[in-house]
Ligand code: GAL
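Only one chain comes next, encoded as structure tokens, the form predicted on its own.
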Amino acid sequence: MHFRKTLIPLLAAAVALPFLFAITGCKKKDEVDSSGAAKPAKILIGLSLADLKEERWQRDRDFFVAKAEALGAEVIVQDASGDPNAQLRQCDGLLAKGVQVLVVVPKNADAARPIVLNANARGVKVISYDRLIADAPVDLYLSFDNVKVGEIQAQAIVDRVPAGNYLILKGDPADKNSDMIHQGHLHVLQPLIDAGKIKIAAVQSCDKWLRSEALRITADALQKNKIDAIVASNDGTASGAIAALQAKGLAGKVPVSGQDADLIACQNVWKGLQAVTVYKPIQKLAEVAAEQAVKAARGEAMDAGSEKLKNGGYEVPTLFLEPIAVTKENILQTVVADGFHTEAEIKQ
């Protein structure tokens, strides 16, 4: 009896030992880094896009996902379809799924504030991509210099029409980029306005950057005034303005600006219907964003420089990339040379 009492506990301990080792023993090789510290089994990044209807954002998504996956991350993409409330719900869903970083293109800069606060509560970093979220402690803002974009647009039009009546088509009033772009417009235009050389016939915002809004506003302005030049804030609004000009037989006679180097805009630049588009090498932007997101997910410091931008009550670390003016004269050396569009596509 004494022998049996001794043997049973020994057998139980022997059976339990592998289980104890499995629980408390060394981590599996793929669960530790080179220093022996534990690391997550996978990197999970949430990418929240305001609206995927525009060609521009489809390209951003594809470049971002490809780069992040090449770096070993998994990306969950959400499309808010232009609804800021849907974007908030989707981001909450991404947080619930355990993303370690949120990369957000906000539909509405102010309405996106709770996204950042909810992420902060879970210890999740937020990168504000191309558009700055307002009045929230964003960890990194990554974009092109939008003031510079506005300066490029206005200067290209002034070079063609140094005096006359101007129509300015701003972007979505809920998008802080629209204000920064217009700030750039005024850097160039205000001295000429003050000198009496340029008269602003109208300055109007295009809700949601809609082509239809730009068409309506331009058609109305053409009814009321002689318009000599149009400073449009992106290629969608430029396309609407050009459609209104075509209805009056003025397309190609009134210079129009834009930005994003969308295919239709590049075709219009080639045909002489649009004076300039601003090319923002979005592959570079998306890939830098993916690199920074993966760094943040690994607990590493992101590469923000000394530049900071106020978004209300906070100063946000900012990385700016340089935009490029594209005209008929350099379109083959810029967007075509980069593989953004082919020469055949632009000339069709």
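Everything numeric in this text was worked out from a predicted model, so none of it was measured. Start at 1 with the first residue shown and count on from there.
Another form exists, predicted in complex with the named molecule; not displayed. Remarks below refer to it.
Checking 317-325, 49-57, 288-296, 64-72 against the named molecule in the model of the complex, the stretch whose residues place heavy atoms within 4.5 Å of it is 49-57. Residue contact check for Trp209: one or more of its heavy atoms lie within 4.5 Å of the named molecule in the model of the complex. The shortest heavy atom separation between Glu213 and the named molecule in the model of the complex exceeds 4.5 Å. Looking at Gln87, you'd find every heavy atom of it more than 4.5 angstroms from the named molecule in the model of the complex. In the model of the complex, the named molecule sits within 4.5 Å of a heavy atom belonging to Arg131. Contact with the named molecule in the model of the complex, defined as a heavy atom within 4.5 Å, holds for exactly one of Asn108, Asn268, Ser205, Asn177, namely Asn177. Residues Gln259, Asp260 of 256-271 are found to place at least one heavy atom within 4.5 Å of the named molecule in the model of the complex.
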